[in-house]
Each structure stands twice: as C-alpha cells, then as structure tokens.
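Only one chain is included here, represented as structure tokens and corresponding to the form predicted on its own.
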Amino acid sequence: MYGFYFDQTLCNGCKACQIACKDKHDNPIGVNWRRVVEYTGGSWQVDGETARPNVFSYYTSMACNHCEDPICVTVCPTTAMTKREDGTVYVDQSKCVGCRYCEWACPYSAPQFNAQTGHMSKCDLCYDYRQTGQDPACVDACPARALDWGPIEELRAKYGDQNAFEPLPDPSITRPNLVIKPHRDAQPFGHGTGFIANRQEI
C-alpha cells in the first residue's frame, strides 16, 4: 500500500507541488488534485503594559491520501471509484457518470469534478510515472523536499505515524495513508484555534 509523507517544517507554501501536478495532468481551471492549505491564527499577548503578537502560520500540502477505508469507493454507485492492488484509488472513466457523490463524501475533497469531461478526476499517485520508475510529479517538484512517497509501512517506519493535525479532518474517518512531520506550531485535530487563510484557493 502506497502513501505520502509531508514535512510541515520544510514547506513554505510555494505551491510548486500544486503547479507541477496541474501541469502534468493538464487539469482545467478549478480542478486541483493537490492543494496547499495555509492555516493561521493567534492573538495578542499582554505583559504588563506591553502587548506583542503571538501568532502562527503553517502550510499543509495535500492530495488524495489513498485511504485504507476510502469513503469515495464506498459511496460510488457505479463502482467507478476503485482501489488498485497497490492500494491507490483511481477513477474508471468508462464507469463514472459524474454524480459527484465521491466528492461530497471525501473529507479531503480529493475527487474533483471535471466539467470538460463530465466525470470525476483525482490523484492516482502518478500511476504512469510509477510504472517507469519515476517519482510522482509533486514529489519531484518540491524545492524544499517536503514531500516523499512510497510503501506506507516504510514511510511510517522512517517518519512515524502522525497525521492528525489541523486543518485536516479526523483521520479515523478514512484511515489515510499519510504521514506528517508536524510544524512546531501545528495544532492537533479537534483543538485548532486558527482558520484557513486561503480558502478561495482550495
């Protein structure tokens, strides 16, 4: 089973991963299989008569997490959403009717409706690249080397198994094949005090 690793401590929000994915797959405007979310917040800290800002901001690059329990596969009425033998989830375009059930069900908003084709589309962890021994486009594009991929058990052995941080949803819903090295200010899922600063982009 394959998955992604993401290092929040290295990401500066440049979106090179997002652009590389969009360019590689020639996705139209509004269809973004990988998105970079900026999570920010904070307040003023008052010490006597002195007030200073106590703020935080960090980025999370996310695509399809090729979950162990992919809800998109469960809700698809035509069996167009399928798991390959390697665990990656893909859309069988010959079966998809564009009903968007998968889009509405996925807590990560991974499936994206392509109005040009009338079908759903999503990250397949660059299946074609992997068949020729290449890394996914997003991984190779990251100038900070904040992204990695591979068998999820190897990623967990190397980097740990954390993935429950704001603004991501509860990982128990789908059990994502995702490992995150948290930013120093990363807030645990369910305890967030910040907000998504670039909601219009994602």
Partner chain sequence: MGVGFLEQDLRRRSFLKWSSAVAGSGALVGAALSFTGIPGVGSQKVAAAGDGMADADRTVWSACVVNCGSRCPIRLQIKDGTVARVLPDNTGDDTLFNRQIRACVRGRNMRQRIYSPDRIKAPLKRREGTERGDGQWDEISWDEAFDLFAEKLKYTIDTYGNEAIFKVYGSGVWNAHLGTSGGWGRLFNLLGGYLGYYSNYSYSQIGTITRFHYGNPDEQISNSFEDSIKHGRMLVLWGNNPQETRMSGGGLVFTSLEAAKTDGLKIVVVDPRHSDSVSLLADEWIAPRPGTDAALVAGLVHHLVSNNLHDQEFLDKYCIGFDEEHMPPGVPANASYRSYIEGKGPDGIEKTPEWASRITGVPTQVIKNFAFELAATKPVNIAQGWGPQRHANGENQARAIYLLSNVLGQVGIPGGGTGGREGYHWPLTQWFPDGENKVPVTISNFGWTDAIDRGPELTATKDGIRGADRLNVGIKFMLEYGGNMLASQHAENLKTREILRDQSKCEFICVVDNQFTGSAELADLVLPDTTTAERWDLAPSEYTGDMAYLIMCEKAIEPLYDSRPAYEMVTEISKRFGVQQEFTEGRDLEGWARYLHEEFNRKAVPGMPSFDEMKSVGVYRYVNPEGTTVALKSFRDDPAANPLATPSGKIEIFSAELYEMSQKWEFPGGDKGDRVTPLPEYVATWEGAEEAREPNAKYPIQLIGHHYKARTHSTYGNLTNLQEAHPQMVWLNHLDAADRGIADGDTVELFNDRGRVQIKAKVTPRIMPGVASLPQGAWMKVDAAGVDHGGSVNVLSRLHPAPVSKGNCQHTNLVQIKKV
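Residue numbers count along the first chain shown, from 1. Remember, it's a predicted structure, so these values are computed and weren't measured experimentally.
Heads up, the form predicted together with its partner chain isn't pictured, but that's what we're talking about next.
Asks: My question is simply whether G98 lines the interface with its partner chain in the predicted complex - judged by any non-hydrogen atom within 4.5 Å.
Replies: Heavy-atom contact with its partner chain at 4.5 Å: absent for G98.
Asks: Is T40 close enough to its partner chain in the predicted complex to count, meaning some heavy atom within 4.5 Å?
Replies: T40: yes, in contact with its partner chain in the predicted complex.
Asks: Would R175 count as touching its partner chain in the predicted complex under a 4.5 Å heavy atom rule?
Replies: Contact check for R175: no, nothing within 4.5 Å of its partner chain in the predicted complex.
Asks: Classify A197 as contacting or not contacting its partner chain in the predicted complex by the rule of any non-hydrogen atom within 4.5 angstroms, answering yes or no.
Replies: Within the cut-off, so yes.
Asks: If you check in the predicted complex, do N32, C106 and P167 all have a non-hydrogen atom within 4.5 Å of its partner chain?
Replies: The answer is yes; N32, C106 and P167 each reach its partner chain.
Asks: What are the residues of 49-68, in order along the chain, with a heavy atom within 4.5 Å of its partner chain in the predicted complex?
Replies: The stretch touches the partner through E49, T50, A51, R52, P53, N54, V55, F56, S57, Y59, M62.
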